[in-house]
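Only one chain is shown below, in structure tokens, and it's the form predicted alone.
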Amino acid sequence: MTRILMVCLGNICRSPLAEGILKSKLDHAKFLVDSAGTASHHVGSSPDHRSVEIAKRNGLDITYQSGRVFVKEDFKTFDYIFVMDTSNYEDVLNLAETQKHRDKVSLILNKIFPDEDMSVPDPYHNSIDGFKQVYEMLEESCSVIAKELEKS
């Protein structure tokens, strides 16, 4: 089974959406998708109600998700680690102990904007429109990821 982890800061806005979107595109028998945050502020919390609403508008249910923090063991558990922004990227890489671990980590938007190192904006302090924009970016990136994973 191939294991994919989505990572943002609090694991309540962007990474839960990315988890839900990618899960909807992959065969659950072959792939496991999870999400985590680099900060522990929201451990045990449900996704932000605006993420839940945007997901629901797009036919996805992410209400079952629960926030957790990224830990070093995730490098051993997951084959791919997609981070939402450059700050999360640095935070995750700072926990990497080997080059093999570092090689698993990439910015999710590099799938649609190769080598541009663009960040998914954090919609937390924004309106529902910010969450809609984030959903659209993640939908596009996750479509590319799903196609690549299905081929491998």
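We number the residues from 1 along the sequence you see. Since this is a predicted model, take the numbers as computed values, not measurements.
Absent from the display: the form predicted together with a small molecule. The rest refers to it.
At a distance of at most 4.5 angstroms from the small molecule in the predicted bound form, all three residues Cys8, Ile12 and Pro123 contribute at least one non-hydrogen atom. Partner proximity in the predicted bound form, defined as non-hydrogen atoms within 4.5 angstroms of the small molecule, places exactly one of 24-32, 123-131, 93-101, 64-72 at the interface: 123-131.
Using a 4.5 Å cutoff between non-hydrogen atoms, His42 counts as a contact of the small molecule in the predicted bound form.
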